[in-house]
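In structure tokens, one chain follows: the form predicted on its own.
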Amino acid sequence: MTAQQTALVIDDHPLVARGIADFLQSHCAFSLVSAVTDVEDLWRHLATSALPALIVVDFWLPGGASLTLLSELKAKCPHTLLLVISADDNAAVEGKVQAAGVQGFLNKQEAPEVFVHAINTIMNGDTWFNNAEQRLLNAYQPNELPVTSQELGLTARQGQILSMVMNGLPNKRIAKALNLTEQTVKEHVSGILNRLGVNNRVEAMTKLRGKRLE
């Protein structure tokens, strides 16, 4: 990322919009990040300021899905990168976003370090779709060595959850799939990270690159 790049966030929840903007500036090396809460303010900002390097767009805005807005932004800001965020777990949402031709999609439930990695990936000219964290493994080792939960010092349940984490599933979706509470999943994930000697999911995926959990 080059120096003095700016970004813009649009989310209809003021606290969320400002929080993401502050995070981008403090953790992603943007020189200035602005936040708006509706489409009118978005166009007003773009008309009176230099075009930002990145715009983060909430998928669900008061008028509905932001697909039309994405198309308009691509036409009016062809050199601006677009990242769509959403709390929606529906896989079709990401599919529609990717089909819109933007640079990435990120679920709001992702950990902060994943958000940082996604931003850096996009700003470096790549895209972030379809559990892009998995590329951390695939980029290093195309041939995967099978490994069991026992070999990693994990219980069978922890191994099951780790496998789902490695596929990019957030805690909420893991809990639903395994009929567990989200808090229980969080506790299991914490135990897994501790056992692996890592601090977060991205570090776990990096440590286990080239391995396939069986």
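Because the structure is predicted, anything quoted here is derived from the model rather than measured. The numbering used is simple: start at 1 and walk along the sequence shown. For the two forms, the rigid core is made up of the largest set of C-alpha atoms that agree within 1.5 Å on superposition.
The next section is about a form of this same protein that is not shown, the form predicted in complex with a further copy of the same chain.
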Using a 4.5 Å heavy atom cut-off, are Ile20, Lys108 and Val202 all in contact with a further copy of the same chain in the predicted complex? yes
Tell me the stretch among 181 to 189, 47 to 55, 166 to 174, 28 to 36 that has any heavy atom within 4.5 angstroms of a further copy of the same chain in the predicted complex. 166 to 174
Find out whether any non-hydrogen atom of Leu196 is located within 4.5 angstroms of a further copy of the same chain in the predicted complex, and reply yes or no. no
Heavy atom of Pro112 within 4.5 Å of a further copy of the same chain in the predicted complex: yes
Taking the shortest heavy atom distance, is Cys77 within 4.5 Å of a further copy of the same chain in the predicted complex? no
Taking heavy atoms only, is Pro146 within 4.5 angstroms of a further copy of the same chain in the predicted complex? yes
In sequence order, the residues of 6 to 24 that place a heavy atom within 4.5 Å of a further copy of the same chain in the predicted complex are Asp12, His13, Pro14, Leu15, Val16, Gly19, Ile20, Phe23
Once everything's superposed on the core, is Leu69 shifted 2 Å or more at the Cα between this form and the one not shown? no
Taking the rigid core as the reference frame, tell me whether Thr48 has a CA displacement of 2 angstroms or more between this form and the one not shown. no
Align both forms on the core first, then report whether Ile20 has a C-alpha shift of 2 Å or more between this form and the one not shown. no
